[in-house]
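One chain comes next, on its own, written as structure tokens: the form predicted on its own.
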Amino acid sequence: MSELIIDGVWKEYGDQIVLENVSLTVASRAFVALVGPSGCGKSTFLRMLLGQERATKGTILIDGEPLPSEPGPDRGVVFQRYSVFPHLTVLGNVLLGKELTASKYKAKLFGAARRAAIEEARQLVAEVGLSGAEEKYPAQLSGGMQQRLALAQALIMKPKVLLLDEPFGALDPGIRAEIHTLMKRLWHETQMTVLMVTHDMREAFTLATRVVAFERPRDRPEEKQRYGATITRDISIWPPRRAGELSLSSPDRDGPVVLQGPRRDDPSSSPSGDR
């Protein structure tokens, strides 16, 4: 289970109110897109769910328990800028979370535990379409491949909640469409709940089960400091999408999908490299 309950949450920085009285219940395995104008607090809201920021007022619960005050393995995150380590290979990047969990200071696994973790990391690398790139470094990958790697980094820890902060905004439309297909498949096949910040309304309605809009109802220049953004729209997608279930009305659009063949973001599959 991975239900989130956000109740009466406010976020203030000194005299500036960023978010006011935000309440939202996110069912387990939902895929919620967060939209709204720049600067309305969407990313701040996501950071509060991650544990990087604390609410000024209000409560955030995950499966009925207060959200831990620091980021943990129960919440994965993928940012717009590729959050991968340039000095580690693809396999090393994916493996790192397991190693840090097992040994906080040495970041190393040994013996059977290491072999099992490597096998799991290799399987996940294949799942996100990076087979054959295990020994490459991020500088040798295209932008789309780096974002696949960032997804694998987050998923190796099997998070209850996956947080996406405009993760596909820097990709060109063709590569973005392929990663949307990948994201749909991962959501169908795992037990995680997904919350994604995006400025792309088409992306929101393509991937999500719900689209939640943040806005400042009072947005005159003299009001921006003293009044924050809140949820002004909460739209459920119709026909409904449910993780792991084939849509009877539009199976090609919303059903579980299988990726086959080379991806267009793989430099080896394109003369230009699509970098």
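Here the structure is a predicted model, which is why all the values come from computation and not from measurement. Counting begins at 1, following the sequence as shown.
The same protein has a further form, the form predicted in complex with a small molecule, not shown here; the description that follows concerns it.
- The small molecule is not drawn, but in the predicted complex it has no heavy atom within 4.5 Å of residue 206.
- Contact check for residue 199: a non-hydrogen atom falls within 4.5 Å of the small molecule in the predicted complex.
- Contact annotation: residue 32 falls outside 4.5 Å of the small molecule in the predicted complex, judged by heavy atom distances.
- Within 4.5 Å of some heavy atom of the small molecule in the predicted complex lies at least one heavy atom of residue 43.
- Contact with the small molecule in the predicted complex, defined as a heavy atom within 4.5 Å, holds for exactly one of 244, 58, 39, 68, namely 39.
- In plain terms, the part of the chain that comes close to the small molecule in the predicted complex, with a heavy atom within 4.5 Å, is 44-52 out of 59-67, 231-239, 23-31, 44-52.
- When contacts are defined as a non-hydrogen atom within 4.5 Å, none of 85, 90 and 178 contacts the small molecule in the predicted complex.
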